[in-house]
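Only one chain is given next, in structure tokens, and it is the form predicted alone.
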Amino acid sequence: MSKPKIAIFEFTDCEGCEVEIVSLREKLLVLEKRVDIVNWRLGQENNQPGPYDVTIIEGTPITQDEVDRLKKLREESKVLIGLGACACLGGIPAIIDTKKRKEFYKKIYGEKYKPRGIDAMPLAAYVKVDFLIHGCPVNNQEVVRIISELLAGRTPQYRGYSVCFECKQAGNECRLLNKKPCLGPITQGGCNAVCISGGSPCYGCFGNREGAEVKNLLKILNKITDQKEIDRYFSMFLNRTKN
């Protein structure tokens, strides 16, 4: 019986999520015995064309050529998975105010520059995405979990709890109770509350959990800080969510 063919591609990104896959080391080698990674620019030299059983994509398409390639990969793939915040939510590239894009082009590249870039959007804005592995970067154990679920013939499930649950497990003090902004209550778990454990707030890179009470969180945030700061928190990862 032939092993499932897996391909890993990237668009505009920092490749940090793929580095997390590489950092699996021995676990990646074990995983490779169960699958056939046939196309991965970052991990190997010899790559094969589609079709693929599973295609994993990091990054967001910001040129029409990348959008066209994404659509072709969708046609060639039985299962398409978004890897990381840029693929799932638009990520860091989506932070820029679209109204200011021309101004930045002119300032950075000069008057004669003819831009090819388009607004950064999640993969789901262009094609059907079968599953999203959130994070900035992803939790590499989540990658193993999702692929293992697929190999077992099961449909992967998202975490049914928020980052707050993982904060309690880690013994962190609640930022909101300490009058500090945080998006943990509305953000899907799976990151092990790594940012908060390190002294930073949650900016929502794992996306909204199902049934997230955004309005209730906004009521709390309005008592803690001003609207400008609230907008800054929500603009980091959640301003282009399409799914």
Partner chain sequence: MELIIEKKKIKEWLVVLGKDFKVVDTRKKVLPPKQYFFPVKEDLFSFDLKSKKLKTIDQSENILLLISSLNKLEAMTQLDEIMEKPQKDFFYWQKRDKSVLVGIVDESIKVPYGGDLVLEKINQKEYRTWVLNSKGRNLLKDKFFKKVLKPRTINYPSKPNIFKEKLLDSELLAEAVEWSWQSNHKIWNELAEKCLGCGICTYVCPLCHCFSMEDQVSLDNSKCFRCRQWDACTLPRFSQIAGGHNFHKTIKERYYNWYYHKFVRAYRQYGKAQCVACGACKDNCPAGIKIGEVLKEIVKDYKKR
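Positions refer to the first chain, counted from 1. Just so it is clear, the structure is predicted and the values come from calculations on it, not from any experiment.
In what follows, reference is made to the form predicted together with the partner chain, a form of this protein that is not presented.
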Quiz item: So, in the predicted complex, is residue 169 in contact with the partner chain at a 4.5 angstroms heavy atom limit?
Solution: yes
Quiz item: Quick one: does residue 159 come within 4.5 Å of the partner chain in the predicted complex, counting heavy atoms only?
Solution: yes
Quiz item: residue 109 near the partner chain in the predicted complex, any heavy atom under 4.5 Å?
Solution: no
Self-check item: Contact of residue 148 with the partner chain in the predicted complex (heavy atom, 4.5 Å)
Solution: yes
Quiz item: Within 4.5 Å of the partner chain in the predicted complex, do 56, 73 and 82 each have at least one heavy atom?
Solution: no
Practice problem: Could you spot which one of 38, 62, 176, 195 gets a heavy atom to within 4.5 Å of the partner chain in the predicted complex? | Solution: 176
Quiz item: Heavy atoms within 4.5 Å of the partner chain in the predicted complex: which stretch among 196-204, 65-73, 46-54, 213-221?
Solution: 213-221
Quiz item: For 11-28: residues with a non-hydrogen atom within 4.5 angstroms of the partner chain in the predicted complex?
Solution: 27
